[in-house]
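Here we start with a single chain on its own, the form predicted on its own, put down as structure tokens.
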């Protein structure tokens, strides 16, 4: 199969697919577009107007969780549990991971301190919910990689970059979650899943959104 991933350079949902493509060492192309000025061909292919899109021999797939499942089921080795209930649980937590990404985005783009602190608190509350499945061994096993890992790693990368940008954005995580984050961020497939100037692009994006973390006195912290 000929695979082409249509991407926006800092999109965490696209990054999920790139991580999995790299973990499985699948040949692919990446076509970066500007979502602020998307090409006409993209708008014709994407019913939602969002990335990622995965073009498979001319057929179009959209939604990151669907793309993850397709790649995992089409190219060995499989990173999903064989047990159908456990597999469904993994997919549930992948969807929760999407909620976390949106919560992190809301925190990162908050335009004032009060909103930032409110969004940070809500994100920390949600991240703490990951402790229970981690403690139960549902995912994040040391000797295995899963689609949940691929789905959550972009969140941890953005949390790390934002904390480096401004110490006030250092998000509290329970120990099991922080350990998971550290392990994922050390994986080559995760480290190589973004463009080389990702940190610069990410900061520029936040500045364009008038992020409180990147303007005024906050940028000096």
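Keep in mind the model is a prediction, meaning the values are calculated, not measured. Positions refer to the first chain, counted from 1.
This next part talks about the form predicted in complex with a small molecule, which is not shown.
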*Wondering, does residue 50 line up within 4.5 Å of the small molecule in the predicted complex on heavy atoms?*
yes
*Partner contact for residue 11 in the predicted complex: the small molecule, 4.5 angstroms, heavy atom*: yes
*Would residue 164 count as a contact of the small molecule in the predicted complex, using a 4.5 angstroms cut-off between non-hydrogen atoms?*
no
_Contact with the small molecule in the predicted complex for residue 63, defined as at least one heavy atom pair within 4.5 Å: yes or no?_
yes
*What is the one choice in 56, 26, 45, 35 with a heavy atom within 4.5 Å of the small molecule in the predicted complex?*
35
_Which is the contacting stretch out of 186 to 194, 63 to 71, 169 to 177, 149 to 157, given heavy atoms within 4.5 Å of the small molecule in the predicted complex?_
63 to 71
